[in-house]
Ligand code: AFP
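Form predicted alone, single chain, as structure tokens, below.
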């Protein structure tokens, strides 16, 4: 089944949006070979931007503005929420145009992450109406959720996204993807890591958030990038990484946390809101919540 057929039954503007992002994803994937250099600019977080990040961001912004499907757009590469005049829809989106882009030079998987709202994007993730990501790896895949299951499509040789996995449910698994430096772990997080290690969990961490969570979605376990000593609010962004990928995982029967509560319950304080992130199976998420609650 093709993506367009699978989207039947959803609102027309949402169908068109998912298809449009799929088409933009194909364009982004074709740009990898010629756009791997680092630029001399920084994004709102003080991080050096790659030429490919900036290009992918602009491709998405231009494509979504011209589509007339999006009214509000927040991007990891932009300091403020953009508003598009003349939109025929009230959709707001958040985008990480190229998560893990530093890994392209060593040919590891990276991706585009999208969160979908009606109206403002500066609201808790539980108000999202959908989320999706395009993963560029050995295969180019598109995973979407519009509150009617989590579904994965693969780009076939004819340039069509065709159904690969329907109604994905996160399984039990014993893998974990832990970010940050161990010597800077906070007490609760270290106890949690040690509990997973004692239970036989194996590390699977690539440095690409979207790719690592994709693996957890299919194989079970948990991804984390915690708060650490000197950076207690963590590294990853609530709007662009935590909420959209967390939405998909929760819709697939998993759970999320900042160490205490669901990521989707948090009111963002702006586009740059950072948060400790735990995303994966309910067992692993309940464990960190219980450990921190007991400290």
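Just so it is clear, the structure is predicted and the values come from calculations on it, not from any experiment. Residue numbers count along the first chain shown, from 1.
Keep in mind that the form predicted in complex with the named molecule is missing from the display, and what follows is about it.
*Asks:* In terms of non-hydrogen atoms within 4.5 angstroms, which of the given stretches 184 to 192, 98 to 106, 81 to 89, 151 to 159 touches the named molecule in the model of the complex?
*Replies:* In short, 98 to 106.
*Asks:* Counting any non-hydrogen atom inside 4.5 Å, which residue from 65, 54, 29, 235 sits next to the named molecule in the model of the complex?
*Replies:* Contact with the named molecule in the model of the complex is made by 235 alone.
*Asks:* If the cut-off is 4.5 angstroms on heavy atoms, which of these, 75, 140, 215, 208, is the one near the named molecule in the model of the complex?
*Replies:* Selected residue: 208.
*Asks:* Would residue 133 show up as a contact with the named molecule in the model of the complex if we use heavy atoms at 4.5 Å?
*Replies:* Judged by the heavy-atom cut-off of 4.5 Å, residue 133 is well away from the named molecule in the model of the complex.
*Asks:* Test of understanding: in the model of the complex, would residue 223 fall inside 4.5 Å of the named molecule by heavy atoms?
*Replies:* Yes, contact at 4.5 Å.
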